[in-house]
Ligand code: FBP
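One chain is shown next in structure tokens, namely the form predicted alone.
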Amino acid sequence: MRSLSETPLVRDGKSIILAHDHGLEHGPTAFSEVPERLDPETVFEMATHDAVTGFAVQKGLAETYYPSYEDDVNLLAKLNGTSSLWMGEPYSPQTCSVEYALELGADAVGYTVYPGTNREPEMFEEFRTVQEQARKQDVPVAMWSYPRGQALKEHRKPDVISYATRIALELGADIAKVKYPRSGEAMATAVDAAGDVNVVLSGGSKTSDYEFLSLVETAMNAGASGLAVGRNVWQRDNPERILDALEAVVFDGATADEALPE
């Protein structure tokens, strides 16, 4: 099995994954403040930035746009997803196979799992199939590990996020994408729970430049291996500026203060 460090998804053991699956997960309202970003090509252009080690999209965008960017962008194909129109118990059905993702040129695959929902057993089974197919093809697997469900009252509690990273380790993921558990200490515990799995921070909803970079700085100091971010990059008027700053924080160990230009 090829080590994650030998793949283009990481640089010096760290990753900045630019995510652009929001058109499916959130719909056009995610682009209301930046309507020009409804054109996926504008975000593919952002993914050519040196800071970006992987670009996570659904298969439709990969089919249509990736051929023009395959020399400059490392594709992380999201293999499942759901719309915000769905109102039932959280569930994310498979939308693409590992085999087809590789035909599209994927360097890695990603899969969302919702531990704690009534459909957890089904999603674990589906992830097992994806993970084993990816292993046969020597392709890294990123798990979006998002605890949810009616019985789970607080999905960002430190012990819940640590459980989320541990689930990624136990089920064979190479990368665990998780929500921030509200403190650097809790993030460090979540990283420890993941063993050798790289833990990346979910970028979340857009905040100010300084607030966002400070959060990333705290996560990196806690042992995180980077982040997977969408709205906090492409919802900004100047995404290149924030990508420059993220590169400094994630790969160069800069503080938020140091990374932001005067």
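Residue indices: 1-based, along the sequence shown. Keep in mind the model is a prediction, meaning the values are calculated, not measured.
Missing here is the form predicted together with the ligand; even so, the following discussion is about that form.
Partner-proximal stretch of 185-193, 166-174, 139-147, 102-110 relative to the ligand in the model of the complex, 4.5 angstroms, heavy atom: Flagged stretch: 139-147.
Residues 46, 239 and 242 all lining the ligand in the model of the complex, heavy atom within 4.5 Å: Judged in the model of the complex, none of 46, 239 and 242 sits within 4.5 Å of the ligand.
4.5 Å heavy atom contact, residue 229 and the ligand in the model of the complex: Yes.
Close approach of residue 207 to the ligand in the model of the complex, 4.5 Å, heavy atom: Taking the distances in the model of the complex, the answer for residue 207 is no, it never comes within 4.5 Å of the ligand.
Partner proximity in the model of the complex: residue 202 to the ligand, non-hydrogen atom cutoff 4.5 Å: Contact check for residue 202: yes, within 4.5 Å of the ligand in the model of the complex.
Close approach of residue 249 to the ligand in the model of the complex, 4.5 Å, heavy atom: Outside the cut-off, so no.
Residues within stretch 6-41 having a non-hydrogen atom within 4.5 Å of the ligand in the model of the complex: Sequence-ordered list: 19, 21, 22, 25, 26.
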